[in-house]
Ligand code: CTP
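In structure tokens, the next block holds one chain alone, the form predicted on its own.
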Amino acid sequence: MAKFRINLGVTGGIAAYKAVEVMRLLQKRGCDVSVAMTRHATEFVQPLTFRALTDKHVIVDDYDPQNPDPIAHINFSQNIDLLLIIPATANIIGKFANGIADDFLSSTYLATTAPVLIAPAMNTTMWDSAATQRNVRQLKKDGVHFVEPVAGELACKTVGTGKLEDVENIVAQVLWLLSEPPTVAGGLTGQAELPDVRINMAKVQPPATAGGSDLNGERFLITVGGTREAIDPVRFISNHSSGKMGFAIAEAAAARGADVTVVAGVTTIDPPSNVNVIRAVSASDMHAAVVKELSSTTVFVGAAAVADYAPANAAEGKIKKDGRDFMILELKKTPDILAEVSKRRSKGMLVVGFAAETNDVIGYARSKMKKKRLDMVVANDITKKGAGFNTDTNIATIITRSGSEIELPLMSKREMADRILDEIVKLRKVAEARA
């Protein structure tokens, strides 16, 4: 039998993907989770994601013909231990506070008799606005509990309070509320404030929020962009890499206190201003630059799309096409930078690779991690819409040597950079705990 029955409401903010992570953590702790979404939430995360992980119908509109329950807003809200809203937008907070019931989730809120826990996430100015704060005060007076947003760099690049609290801490507060609900004269408290309870994740504390200093003392070396392998002085072999993902990681790492050096191949955007940049056009150039910088590195991230092969003999002059219907190129393998780094790594260095694939993505990524002895691989299917080269967004799965898989749905590459760095922080703490 499930430990607790929780109904999860997901609203339309960029942090909607984190609701998936919260749900999975709750399931691992024995909770039975059902999901409802607002229409705008489905623009960030598809209902199919939650349906696949809960094996339950995900309610968006209780009047939808596919909805198996014609009075779902009543039944969904009854016989549960908690209604959890992640992320909570200013809009849904305003509806709850003022008794507006114009969609499934707001109707569910009015119909439930269970405790309600809200985790807001929004722009700093929206969170600080008089209207939002008035609505929050009203909801607290009504007995609603809050996991307050935290300070950090938001998806809109604003730095301030409004970022969704760390998922592990949200889950900890959920379990604390359900196990030891605060009471006053036999009922829930009015001004409901929850303590900062944190889950012991194998003695590894959750990472600091983006924009903090949890990477102080780390020296990152990151390869970025594509390489060009010369056929002759005019032509070359290359790929579609833009450097956006690698530069996003570099920018985020520097913002979190790391000393960052980037070895950049060919890119379509300018590098961030707070990192040291070394340019390297070919795979051979990039290999030489990496080897030179490696001795002082504590974290290596191989985000570049390095050519696997280069022409064996580049022509000194431009090859003429006169009389040629075909041209045959003999190719030779380029240096395997990631394998070389792993082989040369100093004690304590973390090595992270990327795997951009078109099929069997996880399988190839795991094979790459094992073959090259990597600590972590970021795998992405470049055939998916919104992922891969020359996009501002990405979809990926983070795979660690311990066997864990963290699925990251569609999000900005800057947001994904911080999620990748969160996992690197965890790896560092695990390594330190074992030392």
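Sequential numbering from 1, following the sequence displayed. All figures in this text were calculated on a predicted structure; none of them were measured in a lab.
Although not depicted, the form predicted together with the ligand is the subject of the following passage.
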*Any chance residue 334 has a heavy atom within 4.5 Å of the ligand in the model of the complex?*
yes
*Examine residue 259 and determine whether its closest non-hydrogen atom to the ligand in the model of the complex is within 4.5 angstroms.*
no
_Since only the chain is shown here, I'm wondering whether residue 167 would be in contact with the ligand in the model of the complex (any heavy atom pair within 4.5 Å)._
no
*Does the ligand get within 4.5 angstroms of any non-hydrogen atom of residue 354 in the model of the complex?*
yes
*Region of this chain that lies against the ligand in the model of the complex, out of 305 to 313, 121 to 129, 139 to 147, 99 to 107 [heavy atom, 4.5 Å]*: 305 to 313
*Report yes if all three of 35, 51 and 57 come within 4.5 Å of the ligand in the model of the complex by some heavy atom, otherwise no.*
no
_Between 372, 40, 401, 29, only one gets a heavy atom within 4.5 angstroms of the ligand in the model of the complex; which residue is that?_
372
*Tell me, which of 222, 245, 88, 338 has a heavy atom within 4.5 angstroms of the ligand in the model of the complex?*
338
*asked:* Heavy atom within 4.5 Å of the ligand in the model of the complex: which residues of 115 to 144 meet that condition, in order?
replied: none
